[in-house]
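The chain that follows stands alone, in the form predicted alone, written as structure tokens.
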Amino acid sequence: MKLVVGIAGASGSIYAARFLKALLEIPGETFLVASPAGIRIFCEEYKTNVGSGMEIIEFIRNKWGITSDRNKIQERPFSDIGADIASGSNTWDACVIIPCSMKTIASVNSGLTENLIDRAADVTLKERRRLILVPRETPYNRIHLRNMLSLDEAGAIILPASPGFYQMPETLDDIADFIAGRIFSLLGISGHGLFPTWKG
């Protein structure tokens, strides 16, 4: 699977980290775009000093001992709206923005593409590909809700970082893995083993 993954400037770096950790072990190709605010928040929430998307990947590899190279991850600069993934003439299967800020949701909803995360999301929608947005905000105001409803109507999938607890999580990583697993399910990737399915 070929993905675009954006890390926007919202709290919830753990969701991005656990999704990328699992993604590293799944065959495919990924284009990673991290906003300056996303990088700053990642540093604050993980008490580290990474300065780029690829440094986030190296942090994840080191933290959890990932040695797999099954997923080819390449970074694209946040400000480069002329990058390859800024055009629908290039193909990818889906775009995931995790976590997704309310600013990013508002920009994509209004068609503003001032950076590569916004542009890649816009291209994903216009090319009728799968766009998954993972907001981590609470509570929502009416503007947030209207923007998310409008994006849903345009074909995006809104997957709030609202984990279930029937899998009996024991750690924060378990909670974040639930969200990562739900994303993989929506991408059609099964057998990820990130949480036990409900048996009824």
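Because the structure is predicted, anything quoted here is derived from the model rather than measured. All residue numbers refer to positions in the sequence shown, first residue = 1.
What comes next is about the form predicted in complex with a small molecule, which is not displayed.
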Please check if G38 has a heavy atom lying within 4.5 Å of any heavy atom of the small molecule in the model of the complex.
yes
Spell out, yes or no, whether the shortest heavy atom distance between W92 and the small molecule in the model of the complex is within 4.5 Å.
no
Spell out, yes or no, whether the shortest heavy atom distance between E137 and the small molecule in the model of the complex is within 4.5 Å.
yes
How about A10: is it within 4.5 Å of the small molecule in the model of the complex, going by heavy atoms?
yes
With the small molecule left out of view, which of E170, E58, E44, E153 would have a heavy atom within 4.5 Å of it in the model of the complex?
E44
Could you spot which one of I73, L125, M102, A83 gets a heavy atom to within 4.5 Å of the small molecule in the model of the complex?
M102
Just to confirm the contact call: exactly one of 50 to 58, 30 to 38, 64 to 72, 171 to 179 touches the small molecule in the model of the complex at a 4.5 Å heavy atom cutoff, so which is it?
30 to 38
